[in-house]
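What follows is a single chain, given as structure tokens, in the form predicted alone.
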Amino acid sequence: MLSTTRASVRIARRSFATVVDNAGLKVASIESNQPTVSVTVLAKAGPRYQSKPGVAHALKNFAFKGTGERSALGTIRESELYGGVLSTTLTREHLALTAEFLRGDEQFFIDVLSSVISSTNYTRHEYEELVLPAMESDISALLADPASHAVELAHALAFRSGLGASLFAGPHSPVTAHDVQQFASSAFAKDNIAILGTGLSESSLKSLATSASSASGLTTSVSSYFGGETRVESHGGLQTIFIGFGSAGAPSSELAALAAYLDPNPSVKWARSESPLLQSGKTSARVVYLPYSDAALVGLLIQGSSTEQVTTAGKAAITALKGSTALKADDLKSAIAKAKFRLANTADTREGLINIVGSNVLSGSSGVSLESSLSSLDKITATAFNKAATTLIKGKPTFVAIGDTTKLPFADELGL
């Protein structure tokens, strides 16, 4: 516990210098004080920016395939010789291409990332033999996981277009290799990407600048929240419902504190949680808090083995949500402390750092630090928190039911 706290304080005090070079490329260097280092190319190339449904998912799976410098097999074999790890991550707003490796090997891995964003071949045979099977595997995994499926459907209801676009291509996606190539030319434009490094100097990261495309970057419309209800018949998995509310505009610290207040995970393993969410051995409830650049989705994902148990837990969840509009002082203090710890603890990982810093770097902020985010949580007042919670819950709910739809409750049956 003590070591984690010290690490959080150390990261909170660290400043992340952001540099914008003459060509407009955004570069951020983060000193991680770890034996391994990493480089991430972060692009505004998530589904909300895509030119055709499913093309962002295809671009993610095209990463590290054949380029003008080396084949897909060559990239794998050479990376293994250096002991590095290459990975891709796709969110609704960003595509991240990451290389993790030992200090001293940055020249090779920066060259790999440079070739990916500048000279990937996007050949038809690689698309059909490697990319499509990977996409189909992702889709199958989604449909087999009611929790992930519910969150996907919730986004479509909550935001419709833009953030409502799925992270996954449809089972019969019309996307072609040429579509991916065209999307990539804008996705990897200089004004559309940022280079983020942990444990590396800014000067070494700038060498990626010459690899970025000079094409125009991708744009999207401003997000609006709508809400709605949908039901999907499914057999074999847990009975699942998602109860959520959304907001347009920049996510507030109050919403982060609300998610922390509802979080049913106890501070001590096996101890009873103080969260108002109802949980038992046969039902589970977890908070889903997804902040984006201009919107946020706050929800409760409830799963159980029977529809009756899920219905009971769902009613308790609605009661908890409504009760959050008038928290006691001690409950609010605890919620803020939990939100601060979760944020600082996230920053202990490379992926967490990228998520925290990335959006700010892409927006052109001259400097980014975790301390500013933590201090915004400290400024939350009871009045502001209760107002934010009330405004959120007064909106139209987003409700998803997956399982035995003949028995799972409708939104109004839970009190929504």
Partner chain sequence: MAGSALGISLAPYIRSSPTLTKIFTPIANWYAGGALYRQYGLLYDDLLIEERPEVQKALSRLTPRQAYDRAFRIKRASQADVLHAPLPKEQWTKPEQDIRYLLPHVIDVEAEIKERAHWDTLAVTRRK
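Residue numbers count along the first chain shown, from 1. What you see is a predicted model; the values in this text were computed from it and never measured.
Below: the form predicted in complex with its partner chain, not depicted.
Contact annotation for P133: none of its heavy atoms lies within 4.5 Å of its partner chain in the predicted complex.
Heavy atoms of E78 reach within 4.5 Å of its partner chain in the predicted complex, making it an interface residue. In the predicted complex, at least one heavy atom of L73 sits within 4.5 Å of a heavy atom of its partner chain.
Its partner chain in the predicted complex comes within 4.5 Å of no heavy atom belonging to E100.
Here is the short version: of F341, F226, Y82, Y289, the single residue with a heavy atom within 4.5 Å of its partner chain in the predicted complex is Y82. This chain appears without its partner; in the predicted complex, the one residue of D331, D105, E152, D294 with a heavy atom within 4.5 Å of its partner chain is D105. For its partner chain in the predicted complex, the listed stretch (142 to 150, 117 to 125, 162 to 170, 241 to 249) containing residues with heavy atoms inside 4.5 Å is 117 to 125.
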